[in-house]
Ligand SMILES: CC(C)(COP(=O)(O)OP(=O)(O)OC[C@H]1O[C@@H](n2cnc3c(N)ncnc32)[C@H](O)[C@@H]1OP(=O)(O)O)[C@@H](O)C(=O)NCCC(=O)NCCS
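Just one chain follows, in the form predicted alone, and it is written as structure tokens.
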Amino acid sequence: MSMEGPRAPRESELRGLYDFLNRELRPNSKWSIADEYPRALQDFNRHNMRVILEGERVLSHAVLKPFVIKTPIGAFKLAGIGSVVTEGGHRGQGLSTQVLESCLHAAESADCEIAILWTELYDFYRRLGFELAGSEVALQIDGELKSPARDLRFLDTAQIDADALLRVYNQHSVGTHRGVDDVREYLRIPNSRVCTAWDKHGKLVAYAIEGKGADLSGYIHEWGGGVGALTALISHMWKTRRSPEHGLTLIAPHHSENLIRTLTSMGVRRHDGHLGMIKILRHESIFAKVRRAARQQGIGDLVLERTKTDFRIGRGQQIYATQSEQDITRLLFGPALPHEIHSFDPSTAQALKSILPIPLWIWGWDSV
């Protein structure tokens, strides 16, 4: 029997697709993987799923979820890619590459500027143009935090006001655009611990989410609120953690300097890593936003362009040219710093440092 695809699954094929994904990716779960990704693995996003079938049998799958993320540089349209899997007996035949390339084509057609995914198969995805980039700080909590006493009430339940949580989330300077319906769906994700802190007036002042279905157990991947209230909430979560024999790890963007500084001053251990594997889909769109942000800061002569032969970045005669897509990706989104890749003069190095890297961050609920 011949193979068909990659293509979007038909509505009648979704149940078989979920069975395939549960069998391959969630064999021991009591819930469906679709419940873990309520904004990606659903019928309304079916046009962004890709499958290869043999008759009615699913052999390979990948999904993309477009979303818009705000940053101080501007808003960017991203494509999160995930649930990439091929049936064991058909691996090594290029099926995963086919569904991934089809997802990337769909992302470009949807005007996505960046694609991002999470994996440990670095060499495989580098062949498709992805590179480890961005910055993530993991803060390992191994003991009770000596957080200042605060007049707060803690709740350990997902039965909370989604509007209130969204208001706290929107205080972040970097994050995806969400609506209240998105938050309501995220609050229903199984095997997640939702903790909130409320002041004496009944106002939500901090929230933190640990776990997401079968993933991120022991990791606080979503959080929001002022540093004081959030630190008190994290201390509460440590004392009441689900696995007393294990610690907690909070993951944070590099630019959350106040929270990182506060937690490390309390003895929390810091580990620096990458946000994920990133592929630039629309170079000139991203470059134009960076140049515009530079002009707004008084840097009118920034060079950031793609020529027929290479990429160029700098000012005036201080230009760094490279043919490496990976260099540009790591420079735009970190962790590479301008002075680490080229000996710019102090003025140019300072100008580049003031706008790069772009503070990209994907919160745990948005991961695919």
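All figures in this text were calculated on a predicted structure; none of them were measured in a lab. The first residue of the shown sequence is 1; numbering continues from there.
Absent from the display: the form predicted together with this ligand. The rest refers to it.
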| property | result |
| --- | --- |
| Contact segment among 210 to 218, 84 to 92, 153 to 161, 171 to 179, judged by heavy atoms lying within 4.5 Å of this ligand in the predicted bound form | 84 to 92 |
| Interface residue in the predicted bound form among 288, 121, 75, 110, criterion: non-hydrogen atom within 4.5 angstroms of this ligand | 121 |
| Of 355, 349, 25, 14, the one that lies within 4.5 Å of this ligand in the predicted bound form (heavy atoms) | 25 |
| Close approach of residue 97 to this ligand in the predicted bound form, 4.5 Å, heavy atom | yes |
| Partner contact for residue 125 in the predicted bound form: this ligand, 4.5 angstroms, heavy atom | yes |
